[in-house]
Structures are given as structure tokens and as C-alpha cells.
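Subsequent text provides C-alpha cells for two forms of one protein chain, presented individually as structure 1 and structure 2.
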Structure 1
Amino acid sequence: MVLRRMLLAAGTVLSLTGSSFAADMVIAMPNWPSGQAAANILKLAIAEKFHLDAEVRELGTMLAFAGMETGEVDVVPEVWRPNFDDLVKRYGQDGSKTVVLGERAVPAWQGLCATQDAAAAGIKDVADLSDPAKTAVLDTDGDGQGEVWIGATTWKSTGIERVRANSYGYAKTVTLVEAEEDVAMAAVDAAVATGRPMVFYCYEPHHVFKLHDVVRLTEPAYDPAKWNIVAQSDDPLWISKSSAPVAWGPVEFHVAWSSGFAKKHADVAAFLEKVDFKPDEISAMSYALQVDRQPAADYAKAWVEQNKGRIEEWGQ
């Protein structure tokens, strides 16, 4: 999830044609569903309250931060932490001060999930993954050893999941699989459809929790003293040098905007400061766009229509 969002940034090409000339401001839109819905909701709400025309531009977090520094981008709807703490540090109040991070945050979560069939087979806690007698039911390639999907190869979180597997010890008892998220989610669909147990990396808010009855594996609570992740940029061997035999720490995401924009439109910045999406709203957005296939703009229009009171409050 983490690096995915960075790579998207790198892979997205800015298109500076047509509507961008007319727009009063630019809202960066990531490629994950809740961020897409949120970007469109902010566009419509700002148009209604402040009569500003916002361009929603497809842009990952990394490029969006760079854009906020240069003044090309004004608002980013979802900045994940601790995932993008390095960007927050570089551009935020401890750095160049070109980016303001909203104080309100949506609580999020990441860890390992099990299908009901995996839980019924006795896999409920991360310690169960170190028991080959239990994890054999996760075997999908006939070698007698179970598999666990730990994320897409390009995600930053995948490396950390590997660290956790090494630290807990289950890297020895299960095969850690990396594959694109669509492949893994389809594997969950097929596993649930046939009653086959499966354990996989998951994050919340995410539509998988509405689509399937999956459970989080329990594990020892986050302990900053035990969470020793060597920075990837400092050492190519960071995975083998890191250790994290505990749950992920608190995860959350914020709205962010550029300092330049806040100077020009203090009223809009004050509005953004009050935006308070709830986790179940984010899940609903993810589900509506990803599962029900509603276009982000249509979903946003209906949302703004149904939440006039909320938007009114944000504007006060």
C-alpha cells in the first residue's frame, strides 16, 4: 500500500491541457478508490461553498507533494502516515513548510487477515503461522507448505511484512508470496467461494471487509521499542537488518494543502481543516467505486447532495 502510492506518483504523467487552464485550483487524485471519491467530494463541496472551480488531477502522493511545493497542486485528499512520514517531514512544518497537514485524521489499520475457513482451521493469531501443522491448509502449490500473500512487490509495506515474518519466525514455516493486489484479492474471492483457507496482508479502510467475512489475526501490540525498521534509503539490506516482532503502529491519513493556497484562500483552508471523513464512510467509498463500479464523480455528486449539513458545518 505504501510504496504503491509512491510509485503511482512516479508513473503518473501530468497532462496540462484543456480544463487546467480554466481551473482555480488543483486537487490531486490518487488511484485508490476512497481517495478518488474524496477528491471529487472536495471538488464539489468547494465549488458549492466557495465558487472555486477545482481540477481533479490523477497524481500519486509523491508527485502531489512536489506539486504543492511548486504551486502546481493545492490539495491532497489522503496522506497516509506513517507511510509518507518522510514527505511530511521534508515539506511540512519541520521542513520547507510548503505543505500543511490537516490535524484531523482518519484512523486506519494494516496487518494480516484470515478467511473464516482459515480461522476455523485454527489460524487466529500470528503465532499460529509458525505451526506447520496448522499452516499446511494454506498450501496452494502442493509442496505441503502454506502460502501467505504479503503484498505487491512494489509496496513499501511488503518489505515490512517480510521483516515481520522474519521477526516472528513464520518466514520459515510459510512461503511468502508477492503479487499484484488484484491477483491477491481474486485469490481471496476464489478461496472464499470454495471454502479454502487463506491468510493475507490487508489494510483498512478497504472494501474487502465488506465483500468478505474476514478476520484480523491477533498479535502482540505495537511496541516502538521493538519496531526497528532500517530506512530503505539508507541500506539496500534494510529488510535483513530490521526487526519488528509486533503489530503495526497507529496508521492514519490526513487531508493536506499547500501553504501558498492557504494564504490565498484562508477560508477554504479553514474548511479543509474541518473535513472529518469517518472510517466507515471511507470503506463505503471504496466499496461503491471498486465493487459497485460507480464513477467517482457520480458518487461524489450523490454524497454531497446527501451530506449538505456536514459540508455546511465544515464551512463554518
Structure 2
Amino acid sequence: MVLRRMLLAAGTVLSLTGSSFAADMVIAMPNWPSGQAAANILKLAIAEKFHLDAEVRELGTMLAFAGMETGEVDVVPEVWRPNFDDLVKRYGQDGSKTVVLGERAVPAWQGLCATQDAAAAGIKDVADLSDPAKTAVLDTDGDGQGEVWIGATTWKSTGIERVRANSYGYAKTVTLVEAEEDVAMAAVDAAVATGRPMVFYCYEPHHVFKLHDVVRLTEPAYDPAKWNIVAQSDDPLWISKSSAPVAWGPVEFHVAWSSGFAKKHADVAAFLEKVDFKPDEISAMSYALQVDRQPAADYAKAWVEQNKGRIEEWGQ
């Protein structure tokens, strides 16, 4: 199967779990599996604890932050940092103060991964991606240039991966492919099954590390002096004007909610402050939705049923 055609041609239709009634609140749902599961878990947990009906609405993080400022969105289940630091500052820390970021965080990681076959072919460090002789093994469409999946088009990390590719120089030696995550993960499954080398953007917690023995590419250590990402909201040419020839720095994600919602429902805001998903739980969410193909709403229903004591603690 040709990687580029598979990634660019395939589409993903994600079901919305909201309904037609006038909901008491809106929870934004991102287009990655753990975020979808978490959004639905929060919906059911808040309904059980506070008797509030929540609409789960599929929204990108940028639109969700704008919605929290206008009052159209109340909660976002996963805000990744440093990916969305510009939004956190604009709407929270240094800006309008319309968004509150929960203090608890899930530790994470992001970078580039290679299948074992790619590593065996000599691609183990990010510098190897700048060597056409090595990246030729990643070519699936016969044009002589390998392909690397860098994320979904709507993800902020995808733009940053383009910045990193430009900064390291491998944007000239490989084709950077954008596609929805479920399509890319299907390509990883196929690559591992057929012994075809593949390199792709990866993040953890995520089920891919449980499903396959993939290798993280080594990189120069993170250096804040060299990590210069222009805020997307400040300049439409932010990708070309940014530079990041180093590994990602410390990564984490938080639950966020609007300050307006917190004023109306201080009890729910206090509840959200105590939400403490663990990395292994996030990986399990990803596995259930992506591998086992469980609908997010069904997974959330079972999770809430199994974690009633935990939810009770969050509400105390």
C-alpha cells in the first residue's frame, strides 16, 4: 500500500456525541482518541455528580479556546503544553483571563518514532532523515523520496513538526505528510506487518508503544534558547519564521475550563481541578478507541461505572 496515497486519500468521520436538547454546558472534544474518551468521561461524571447535562462537541483546541472566551464552550479535556502555550498565555496567564488551566497535569512526551525495520535500515537519529541514501527506504510511491507522517492537519504539533523539519533540514529530503491519526496508525500497523520501514510523529501516553516495538529517534537535547516558535495568532507565516533544531522540551497536558463557567458552577470547577488521569489510563483510552474500535461514549460509560469511587473523590 502506498503510504502517501493511503494517508492523503483516506478520511475519517468522527461521530458527535452531543444531542439536540439545550445542554447546561459544552465540553469540547478533540480529534484524538484519549481526548475523545476523556471528554465523554467528564460528560457522564459531571451528570452523575452534579446533574448537569453536557453536550460533547467536536472542536479543535484553537476554536475551543475562542469558544471559552465567548461563553460557547465550558471545558476542554486535554490542553497540551508547550503546543498551545500561545493560547494559554493569550486567554489565560497574560491575556483576557477567560480560561483557567487545571493545576494537575499528565506528563507526556512527543517526537519522532521509527519502526524496527526503519531503525535496522539505519534511521535511528533525527540527523539520519537528512541523508537521502537512508530515507530512500521510506519511499512508498516510487518518486525516490521517503515520506514521514507529521500529524493531523489541525494539530498545532503538526505545524511545529514542520518547523523542526525545516530547522533540522530533512524537509528537503523527505515528504512531510499530514493525515488524520487513525489513518496514520493503520499505516503503522501495515508497515510493521509487512516489514516496511516507516518514520512518524509520535506522542506518549499512546497505545502505539503497547501495540508495537517502535524506536524513538534520538535528537539534540531541548534548549530553550534554540526553541523559537512564533505564536500562530501573531503571524500567519509563523511556521517559516520559527526555528526549533532541538528535541521537544517538557510536555504535559491539563484540563481547562472557562472562568465564566467557574463563576456559575464553582463546585464543578473544583471537581475538574481534582481530575487526575494517569498516563497508563490515557494509553488505555487510546487503545480502546483506536485498536478495539470502541465508541468513545460506550468506553466512557464503562469507565465511569468502574470508577465511581474515584469520581466521588473528585467531587469532595
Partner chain sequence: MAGINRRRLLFGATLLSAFGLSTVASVADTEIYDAKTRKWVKYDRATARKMFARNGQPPEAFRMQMVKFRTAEKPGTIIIDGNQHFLYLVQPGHQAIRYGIGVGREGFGWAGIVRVGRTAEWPTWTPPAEMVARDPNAAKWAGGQPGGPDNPLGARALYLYEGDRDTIYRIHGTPEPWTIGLDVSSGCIRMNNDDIVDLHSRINVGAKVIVLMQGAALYKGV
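Quick caveat: nothing in here was measured; it's all calculated off a predicted structure. For numbering, take structure 1's sequence and count from 1.
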Displayed copy of the chain that is the form predicted together with the partner chain
1
Rigid-part membership shared by Leu112 and Ala244 between structure 1 and structure 2
yes
Angle of the smaller rigid part's turn relative to the larger between structure 1 and structure 2, in °?
21
